[in-house]
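Shown below, as structure tokens, is a lone chain in the form predicted on its own; questions about how it binds or moves come after it.
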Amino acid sequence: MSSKEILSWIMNQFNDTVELTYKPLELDNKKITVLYIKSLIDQELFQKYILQPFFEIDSEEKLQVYLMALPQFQEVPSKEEGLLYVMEGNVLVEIQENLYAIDFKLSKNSDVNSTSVETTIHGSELALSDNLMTNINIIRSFYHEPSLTIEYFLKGEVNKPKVAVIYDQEKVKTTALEMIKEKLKEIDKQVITESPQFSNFLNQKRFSLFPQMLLTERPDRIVYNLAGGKIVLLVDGSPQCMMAPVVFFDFMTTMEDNYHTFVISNYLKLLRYLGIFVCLLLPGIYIGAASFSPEVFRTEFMLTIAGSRMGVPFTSFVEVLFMLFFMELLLEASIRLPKAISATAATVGGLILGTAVTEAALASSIMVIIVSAVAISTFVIPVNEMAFAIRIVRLLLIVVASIFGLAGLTLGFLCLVMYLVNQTSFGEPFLRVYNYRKENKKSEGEA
């Protein structure tokens, strides 16, 4: 198919729209044709690099060489590629029966953001932007290895966003990379707008409780994980990325752990793990101790709990569910409300609710303390996806404890550990503690 036929085919695709601009230019012995969508291109760049040189360069041959020397230059191998280039903000230039695409995409979302989800006291506050090329520029600026590889895919039948798969060729886990590429090819969705969608699209286990990919907005975390052999997925228009494969302990670390001393870093990690145990087990322990096995704890302690429950008309199971239900509502409301009032509304709502519930004898004061401890413990989990999973697992353990008591709670916790041991993330054991790759390097004298 000739260049003129390709241009004609592309114009037919935009038959009923006035968006497309078709402009033949002719001066002396020079003749070119340009085709573009006005709203998508940077008109200053178009004026500077196409129109102005056309009137200044004296021959078609020189103009063609000039266009081919531009860094935005791309060849147009087919009519479908040409249509795609036009819709991405390229200018198609037809000269001497050759058709080229010059990338003059107008980008209004390339500003780099500040971290809003993964905030830290120490370290960079730089976050990804909405523009794919800006994000790749940031990653390449921080990761100076020639083995860094980027592959592009087009997904989504309607909006066709560009998806970048980034990895270090020398360190990547090849099995995981092949699995991700195969699953990417199988994705058949109308619209893809955000990176987190891939967590569902690439995960074969639809009802998996725990996340199989790690979501982040921090470039330093991306670089750290690329060096560890992980694969990064970026979507054009999304300020976050997904990383895989992951292990459970990836969700319990922050980038700040690398900036503290050994003792402080491990102390903070210990706090988080204690928090996760409190969040998971404390409501179940309360139900088991209050309803089934009060003899497990000291008599004075259990008498205090029994005294605080005087007048409460519900069983401990209903009491726990009642309070946790309203705590979940407060958490959800604080996320949905505007930032300016969310913190105040959640705090005031929690205080009023806690006071009113104890005064009305609908729940014991001990229960208010437990719910507060559980809520605070939930917030120490650094990654939100893991915090959501823990909230679901906690509910299951509460049901088990309300039926079988402390023995059932212990059995339920063991089942949770067995479930985690059985999980994999793109071929990697999810609960892997020992990093055999590091040991291999040590044995080879590389580390």
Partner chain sequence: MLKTVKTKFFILASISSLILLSGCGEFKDIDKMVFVSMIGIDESGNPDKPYKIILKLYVPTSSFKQNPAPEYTYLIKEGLTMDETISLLESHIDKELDFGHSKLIVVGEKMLQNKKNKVILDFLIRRPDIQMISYFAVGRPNAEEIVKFAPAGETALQPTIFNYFDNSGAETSYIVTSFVFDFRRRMKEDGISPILPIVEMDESKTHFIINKSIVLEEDKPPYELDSEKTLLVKLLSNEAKSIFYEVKREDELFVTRLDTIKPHYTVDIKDNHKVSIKVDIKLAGIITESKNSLRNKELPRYSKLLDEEMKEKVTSIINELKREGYDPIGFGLSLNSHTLPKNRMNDKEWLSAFQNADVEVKVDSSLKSTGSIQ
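Keep in mind that what you see is a predicted model, and the values were worked out from it rather than measured. Numbering follows the first chain given and starts at 1.
Same protein, other form: the form predicted in complex with the partner chain, not shown, and the subject of what follows.
Engineer: Against the partner chain in the model of the complex, would Thr299 count as a contact residue? Criterion: heavy atoms within 4.5 Å.
Structural biologist: Yes.
Engineer: Residue-level contact is defined here as any heavy atom of the residue lying within 4.5 Å of the partner chain in the model of the complex; does Phe104 satisfy this criterion?
Structural biologist: Taking the distances in the model of the complex, the answer for Phe104 is no, it never comes within 4.5 Å of the partner chain.
Engineer: Would you please decide whether Gly307 lies within 4.5 angstroms of the partner chain in the model of the complex, comparing each non-hydrogen atom pair?
Structural biologist: Flag for Gly307 set to yes.
Engineer: Even though the partner chain is not shown here, does Ala389 get within 4.5 Å of it in the model of the complex, heavy atoms only?
Structural biologist: Judged by the heavy-atom cut-off of 4.5 Å, Ala389 is well away from the partner chain in the model of the complex.
Engineer: Just one of 326-334, 195-203, 217-225, 309-317 has heavy atoms within 4.5 Å of the partner chain in the model of the complex; which?
Structural biologist: That would be stretch 309-317.
Engineer: Gln74, Asn258, Asn159, Ser291: which sits within 4.5 Å of the partner chain in the model of the complex by any heavy atom?
Structural biologist: Contact check passes for Ser291.
Engineer: Heavy atom within 4.5 Å of the partner chain in the model of the complex: which of Ile121, Leu270, Leu351, Leu303?
Structural biologist: Partner contact (heavy atom, 4.5 Å) among the options: Leu303.
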